[in-house]
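In structure tokens, the next block holds one chain alone, the form predicted on its own.
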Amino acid sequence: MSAPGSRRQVIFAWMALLPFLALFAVFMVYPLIQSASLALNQTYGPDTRILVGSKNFELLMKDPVFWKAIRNTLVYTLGSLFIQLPLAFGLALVLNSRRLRGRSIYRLIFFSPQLMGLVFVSVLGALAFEKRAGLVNRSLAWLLQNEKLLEIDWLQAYIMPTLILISLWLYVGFNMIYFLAALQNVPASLLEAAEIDGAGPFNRLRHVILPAVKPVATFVVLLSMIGSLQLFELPYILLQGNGGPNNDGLTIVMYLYQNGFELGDLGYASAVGWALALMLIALALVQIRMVRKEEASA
């Protein structure tokens, strides 16, 4: 038989958890159940539903537009992983150097795009890559010493490279902060010992710095993958709500939005959302397994 004091502690603990549990049920559990229910129905607006079972998922697997959206999203994700993150890490290495003067100012400059917000950055990106008077075309004309203004239609002919370039400006400084924090936690004694042993800059980077920042790098990679797969605002604003020519700029979340809120088929949109959720879960599980495997072999 439990003592009255311990019973009061249990009651107090549940009372303390009650606000969180209520919010979790309202904003997480109920939407998930509702989304799963919608995915099994064909809807016409918020009120009309027809039960179709797994038909939405069957149509999804045969939908060429859905697979085009997946391909575009994966291309953007690969650009984030193999271009954006190495640049962020390299920038963090430079700004972590004690020989560099004004490091705090440079850090603020590179991080400042995050202070503007994604929508504002999207508007600036649209102006910068504008066909006739954009800053990018003007700069290229000046570099190439071309008297005539270049008129490269970036948002029509090179949609995905344009999205990746704008994302570099927006997120390189953001990821740089994570890498910079990890670099500042690398024990100075290890670096000094490696230098005394004759290790050059490359060997110190490979054998001391990279193993030390690996946990943070794993987190940043996972964060970048999740954010890239959820890409929506940037292409939506740049392409004025559509996927561009041949849907070359269409992403998974944009396709979900089009079906759910423009066409009114919330059931099919829910199926797209669950497909995206399964992709995110699968990627997270693969990465967790790889990390555990490396830790076990270490």
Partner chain sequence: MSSHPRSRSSRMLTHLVLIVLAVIVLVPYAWLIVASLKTKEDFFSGMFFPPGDGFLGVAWSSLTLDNYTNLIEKGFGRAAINSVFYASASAIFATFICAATGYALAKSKFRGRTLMTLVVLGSLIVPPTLLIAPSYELLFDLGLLDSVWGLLLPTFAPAFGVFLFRQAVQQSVPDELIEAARIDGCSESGIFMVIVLPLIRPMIGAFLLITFLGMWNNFISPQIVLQTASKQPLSVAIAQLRGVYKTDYGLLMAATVVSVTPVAVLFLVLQKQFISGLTSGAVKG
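Just so it is clear, the model here is predicted, and its values are computed rather than measured. Just so we're on the same page, rigid core means the largest C-alpha set that superposes within 1.5 Å between forms. Positions refer to the first chain, counted from 1.
Keep in mind the form predicted together with its partner chain is missing from the figure; the text below concerns it.
Student: Note which of Leu127, Ala193, Leu140, Leu78 lies within 4.5 Å of its partner chain in the predicted bound form, where distance is taken over heavy atoms; exactly one does.
Tutor: So the residue touching its partner chain in the predicted bound form, by this definition, is Leu127.
Student: With the partner left out of view, is Ser167 within 4.5 angstroms of its partner chain in the predicted bound form by any non-hydrogen atom?
Tutor: Contact check for Ser167: no, nothing within 4.5 Å of its partner chain in the predicted bound form.
Student: According to a 4.5 angstroms non-hydrogen atom cut-off, is Leu234 in contact with its partner chain in the predicted bound form?
Tutor: No, Leu234 sits far enough from its partner chain in the predicted bound form that none of its heavy atoms falls within 4.5 Å.
Student: Does its partner chain come within 4.5 Å of any heavy atom of Leu95 in the predicted bound form?
Tutor: Output for Leu95 is yes: heavy atoms within 4.5 Å of its partner chain.
Student: Taking heavy atoms only, is Asn203 within 4.5 angstroms of its partner chain in the predicted bound form?
Tutor: Contact with its partner chain, no.
Student: In the predicted bound form, do Trp67, Leu210 and Val221 all put a heavy atom within 4.5 Å of its partner chain?
Tutor: The answer is no; none of Trp67, Leu210 and Val221 reaches its partner chain.
Student: Going by heavy atoms, what in 254-285 lies within 4.5 angstroms of its partner chain in the predicted bound form?
Tutor: Residues within 4.5 Å: Leu256, Tyr257, Phe261, Leu266, Ala269, Ser270, Gly273, Trp274, Leu276, Ala277, Leu280, Ile281.
Student: Does Leu18 move its CA by 2 angstroms or more between this form and the one not shown when the core is aligned?
Tutor: Comparing forms between this form and the one not shown, the Leu18 CA shifts at least 2 Å.
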